[in-house]
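Here's a solo chain for you in structure tokens, the form predicted alone.
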């Protein structure tokens, strides 16, 4: 097992999952419902980049920027025309509505772009060798982009008045309103940033691999597992959870289980036994179970702060 290569792959996976999970945690911390359509927004953002970059021939970086801003605006529209109407309906009704919306987005994407995989138009270069590990130029930019977005959001959250308003609204909406905070504007900003982060995460995944209409279906369980591990509603918990899931997935697949199994005399597997890639979700579930057994509320309990 090339430890450095596994570390690199783990960081890339964590960066991609973390951006999407941050947006999901943001909306949950204030609106208090599980938004299943959030992950499909990531896929829609990835396909918009394909539209601008491949179909229309735009510059790749410009395509990413415009797609992220468009999806942020789509988040505002979803709140305005759908989810705001369920403000006093508890958490079940908006959750079911988001599930229906997720299915609509998924099949809408398939109807427009077809069921096949698509890839972006960018120059493919040989990988860079760093301490024995190979990392491509897109993967380097994925890490830079994800870390920059997370640091920028941290600065917004901790060092600006709007960040203070967001943290106050997440902690107690009624008390925030009593302190003259315009919570409706805060909610709109949360939708814009959260959906934009989802789009950016989906774009980075598409840049690293490829995009297909069922990408969201494959991501929804890992993203919710990240949120559960980190602590539901905690932005910083989502970052920690993404690191745990990213490292668990990659180390779980790279680990040689043969000596461990042979040690107990269960089976004779020879010198090498690796889990197939199809077991990646099982590794994620196991990480969730182990973390929640130790800390049922997740790593961090607080919302947003």
Partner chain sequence: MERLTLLRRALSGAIIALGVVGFASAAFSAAKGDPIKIGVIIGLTGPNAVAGNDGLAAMQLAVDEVNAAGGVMGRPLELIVEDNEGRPKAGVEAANKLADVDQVPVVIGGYSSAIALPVGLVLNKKKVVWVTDATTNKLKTVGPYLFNTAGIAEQAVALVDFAKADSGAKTLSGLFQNNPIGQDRAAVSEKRAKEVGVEWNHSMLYQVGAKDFRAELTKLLAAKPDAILTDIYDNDAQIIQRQLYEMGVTEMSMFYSYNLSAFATLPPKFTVGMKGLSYATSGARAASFNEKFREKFGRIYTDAWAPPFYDAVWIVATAMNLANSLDSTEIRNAMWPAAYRYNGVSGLGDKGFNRWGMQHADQNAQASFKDGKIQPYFVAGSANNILIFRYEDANGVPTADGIPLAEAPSEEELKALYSGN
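Positions refer to the first chain, counted from 1. The shown structure was predicted, so the numbers you read here are calculated from the model rather than taken from an experiment. Here, rigid core means the biggest group of C-alpha atoms that superpose within 1.5 Å across both forms.
Keep in mind that the form predicted in complex with the partner chain is not shown, yet the notes after this line are about it.
Trainee: Closest heavy atom of residue 63 to the partner chain in the model of the complex, within 4.5 Å or not?
Mentor: Taking the distances in the model of the complex, the answer for residue 63 is no, it never comes within 4.5 Å of the partner chain.
Trainee: Would you classify residue 29 as touching the partner chain in the model of the complex, given a 4.5 Å non-hydrogen atom cut-off?
Mentor: The answer is no: residue 29 has no heavy atom within 4.5 Å of the partner chain.
Trainee: Contact between residue 74 and the partner chain in the model of the complex at 4.5 Å, heavy atoms?
Mentor: The answer is no: residue 74 has no heavy atom within 4.5 Å of the partner chain.
Trainee: Even though the partner chain is not shown here, does residue 250 get within 4.5 Å of it in the model of the complex, heavy atoms only?
Mentor: Looking in the model of the complex, residue contacts with the partner chain include residue 250, since a heavy atom lies within 4.5 Å.
Trainee: Find the only residue in 153, 134, 141, 192 having a heavy atom within 4.5 Å of the partner chain in the model of the complex.
Mentor: That would be 134.
Trainee: What residues, if any, in 207 to 223 have a non-hydrogen atom within 4.5 angstroms of the partner chain in the model of the complex?
Mentor: The stretch 207 to 223, when checked against the partner chain in the model of the complex, contributes 207, 208, 209, 210, 212, 214, 215, 218 at the 4.5 Å heavy-atom cut-off.
Trainee: Verify the C-alpha shift of residue 277 between the shown form and the other one: is it 2 Å or more after superposing the core?
Mentor: Yes, its C-alpha moves 2 Å or more.
Trainee: For residue 55, is the CA shift between the shown form and the other one at least 2 Å following rigid-core superposition?
Mentor: After core superposition, the C-alpha of residue 55 moves less than 2 Å between the shown form and the other one.
Trainee: Tell me, please, whether between the shown form and the other one the C-alpha of residue 255 is shifted by 2 Å or more, with the rigid core used for superposition.
Mentor: Where the cores coincide, residue 255 still shows a C-alpha shift between the shown form and the other one that is 2 Å or more.
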